[in-house]
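Take a look at this single chain in C-alpha cells; it is the form predicted alone.
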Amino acid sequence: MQTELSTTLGVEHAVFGFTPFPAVAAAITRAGGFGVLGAVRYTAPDELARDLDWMEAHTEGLPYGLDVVMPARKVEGVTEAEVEAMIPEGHRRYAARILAEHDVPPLPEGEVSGWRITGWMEEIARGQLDVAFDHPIKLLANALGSPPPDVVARAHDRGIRVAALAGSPRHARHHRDAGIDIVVAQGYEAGGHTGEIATMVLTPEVVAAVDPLPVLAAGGIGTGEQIAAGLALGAQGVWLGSLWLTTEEAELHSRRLTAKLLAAGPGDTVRSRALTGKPARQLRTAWTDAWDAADGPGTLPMPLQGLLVAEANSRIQRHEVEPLLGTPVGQIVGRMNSERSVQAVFDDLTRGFEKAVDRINRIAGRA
C-alpha cells in the first residue's frame, strides 16, 4: 500500500493512523504505517512530553506525528475560567438532571475530572506545540482548520509537514492557500468532528481542488478494499481513526465501552453537538438523545459545550454508566467486531487491499 507520499515520508504503507493512545500510535508506526498521536486531551505540557518521549523510545526511529486542535484565528488573554463563566446556569441544571435521572454517582473525593477538552485554547495549544517541536515529529496535523501562519512557519522551519482536515473543496483550497502540505478529506461517515459530504464524493472533489498537493481519504474506511477505493479516487493515502479503538493496545479503561463498540452497527452512531458544540459523529446514547431532544435547551457553541459536559463525561466513564457511555466513532464501527492487535489489523488491511487490486486488474484485463 505504497504511494508517492508514503515513499517520501519513509513508511511502508500509506496508512495514517490517528489515535489518542500513545501505545496505539507507536504500534501503527512499527507496523509500517504513520502513527499520529492526538493531543487534545492533554492539559499539561509535561504529560504530553512524557508520552512523546515514550513514543520516541518505542517507534524504532520510524516517523510519527501529532494532531492538535487549534483555531486559525489567534485569541489571547482569555482564561479557561473566564470562558467557563459564560455557561448559562440553565444548561448546568439540565446536565445535572440527566445525570440524576441515570443515578450517576459523583467522582470519588479528591478525584478531578480528567476529561477536559481544552486543547482548543490558545495557551494550551501553543504549550503543546512547544513540546512537540522539541521532539522529532514528522507531521503536525490540525483538526480545526489551518493552523495560524506562525505555527505553519515554525513547523516548516523544522522540516515538519503540516496537514489539515477538510470537509469541503472550499475548506481544502483554503488549506492550500495557507501553505498546508497535506489535506485530509474527511467525509460525513467519519468519527469526531465532520462535515456534510460523504467520503466517496468528497475525496475526488478535494483531489481536484488542491492538485498537486497530496490528499488523504478519511471517513468510513476500515478495510483494505476501502483503502484501494480511496487511492483509486486520487488520494495518496488514508487517514484512519475509529478502527484503532478496539485494538488490544487501546486504553479505553472501560470494558463496557469496548463491548458497546464491538456490538454496534453502522447505524448506531449519530452526528451530534452534545460532546463539543460542533457536529461530531459518536455512539448514539441516552446522553446524545437528551441533548438533541427538541424540548431540551440545545447545545452551546464550542468551546462552552465541551467545558459544560467535562465533569459529566468523567463521571459517566468513571462509573461506566452504560446508557450514557459513548465515544466519538465513525460508521465503520460496524466492522469493528473483534479485539485485535494493531499488527493484526494491518495484516487484514494488506490482504484486503491485495484482493481489491487483483479484482480490478482482472476486470481491466477483460475490458
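All residue numbers refer to positions in the sequence shown, first residue = 1. Treat the numbers as computed from the prediction; the structure is a model and nothing was measured.
In what follows, reference is made to the form predicted together with another copy of the chain, a form of this protein that is not presented.
In the predicted bound form, every residue of the candidate spot (E196, Q236 and I363) has a heavy atom lying within 4.5 Å of another copy of the chain. The closest non-hydrogen atom of F21 lies beyond 4.5 Å of another copy of the chain in the predicted bound form.
With a 4.5 Å cutoff on heavy atoms, V104 does not count as touching another copy of the chain in the predicted bound form; it lies far away.
The shortest heavy atom separation between A232 and another copy of the chain in the predicted bound form is within 4.5 Å. Remark: G192 does not count among the residues lining another copy of the chain in the predicted bound form, judged by a heavy atom distance of 4.5 Å or less. You can rule out all but one of 284-292, 134-142, 222-230, 79-87: in the predicted bound form, only 222-230 has residues with a heavy atom within 4.5 Å of another copy of the chain.
A single residue from the set I332, V36, L48, V69 has any heavy atom within 4.5 angstroms of another copy of the chain in the predicted bound form; that residue is I332. Listed residues A208, A96, A263, A153 were compared with another copy of the chain in the predicted bound form; A208 is the one with a heavy atom within 4.5 Å. Shown here without another copy of the chain, the chain has only P169 in 148-178 lying with a heavy atom within 4.5 Å of that partner in the predicted bound form.
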